[in-house]
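What follows is one chain in structure tokens, specifically the form predicted alone.
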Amino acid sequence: MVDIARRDVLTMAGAVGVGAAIPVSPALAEAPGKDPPQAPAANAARSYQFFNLDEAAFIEAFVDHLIPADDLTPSGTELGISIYIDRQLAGAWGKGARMYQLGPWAAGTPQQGYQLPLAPADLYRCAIRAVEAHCASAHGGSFDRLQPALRQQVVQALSEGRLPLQEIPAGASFDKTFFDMAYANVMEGLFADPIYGGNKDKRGWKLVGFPGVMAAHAENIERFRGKPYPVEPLGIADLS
């Protein structure tokens, strides 16, 4: 059993690779041309476009559980990860702008990818509602008010598909869909370009030594191959 409450999430993310995590995200892939990203204002944190107050409390507790504040980075919320997710859910990706949503909805297999008749924003809303109902019934409080050990139990159950999510079709293909999507979105918020709202102060990039926009460093690839490359990361906004 993987203790996903620890910073092992970085190891899991590393298996995919920082560079891969940034451009292949469906959320990021659909952002250009539909919902032009805006550089987050310094005081924009906690100003949500999609999440209501209860949902915001859940998502902040969720991202802070996966990315706790420690000697490596601030918490997930302080890094802007909840803002990143909120912006994506409020935009074209969250509305399923490029998803087929007309049915019929035959049972799919895990190999066929996302198969739910729900846009990502709808999946988030339904799943958060179900998780909160479980927390109230089983633990007598909302997710954000649970002690860390109980919160870990809930997150662990989500990651293993053991927590029933009403309103979401059950089945082997769907049991982990919400956690897998939310986890991927957290990783995107940690490592994507700061212009999308997360990775505040490029702390995710600094954590793993990623220099940022690679075109600006192309001439040094051969020179520093296999060596540390201690430069200040550059983002899209730095080149505009």
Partner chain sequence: MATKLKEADVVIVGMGWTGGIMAKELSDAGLTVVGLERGPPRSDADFSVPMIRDELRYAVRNELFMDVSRDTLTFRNTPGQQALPMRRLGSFLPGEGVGGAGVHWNGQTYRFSPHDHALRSRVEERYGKSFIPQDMQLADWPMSYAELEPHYDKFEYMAGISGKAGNIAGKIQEGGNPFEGPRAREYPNPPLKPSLASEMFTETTRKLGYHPFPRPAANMSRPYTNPDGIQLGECQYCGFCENFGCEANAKASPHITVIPAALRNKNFSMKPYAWVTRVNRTADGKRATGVTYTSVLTGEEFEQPASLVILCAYGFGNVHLMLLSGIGKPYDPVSETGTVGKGYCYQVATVVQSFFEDRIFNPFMGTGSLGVVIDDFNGDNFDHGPVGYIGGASIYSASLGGRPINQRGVPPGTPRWGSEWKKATARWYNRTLQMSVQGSNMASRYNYLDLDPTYRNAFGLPLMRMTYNFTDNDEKLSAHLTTVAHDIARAMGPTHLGAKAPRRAPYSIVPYQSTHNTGGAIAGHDPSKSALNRYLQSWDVSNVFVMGASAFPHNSGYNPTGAVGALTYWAADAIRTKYLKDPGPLLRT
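Under this definition, the rigid core comprises the largest set of C-alpha atoms superposing within 1.5 Å between the forms. Nothing here was measured: the structure is a model prediction, and the numbers come from that model. Residue numbers count along the first chain shown, from 1.
We do not show the form predicted in complex with its partner chain, though everything after this point is about it.
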Practice task
Give a yes or no for residue 115: in the predicted bound form, does one of its heavy atoms lie within 4.5 Å of a heavy atom belonging to its partner chain?
Solution key: yes
Handout entry: is_contact(residue 142, its partner chain) in the predicted bound form, heavy atom dist at most 4.5 Å
Key = no
Practice task
Please run the contact check for residue 111 against its partner chain in the predicted bound form: heavy atoms, 4.5 angstroms, yes or no?
Solution key: yes
Handout entry: Contact test in the predicted bound form: residue 74 vs its partner chain, heavy atoms, 4.5 Å
Key = yes
Handout entry: The unique member of 150, 90, 99, 130 whose heavy atoms fall within 4.5 Å of its partner chain in the predicted bound form
Key = 99
Problem - Triple contact flag 183, 213 and 236 to its partner chain in the predicted bound form, non-hydrogen atom at 4.5 angstroms - result: yes
Exercise for the section: Enumerate the residues of 187-217 that have a non-hydrogen atom within 4.5 Å of its partner chain in the predicted bound form, in sequence order, or give none. Expected result: 187, 188, 190, 191, 192, 195, 196, 205, 207, 208, 209, 210, 211, 212, 213, 214, 215, 216, 217
Problem - Shift of residue 208 between the shown form and the other one at or above 2 Å (CA, core fit) - result: no
Problem - Core-superposed C-alpha of residue 109 shifting 2 Å or more between the shown form and the other one - result: yes
Exercise for the section: Verify the C-alpha shift of residue 231 between the shown form and the other one: is it 2 Å or more after superposing the core? Expected result: no
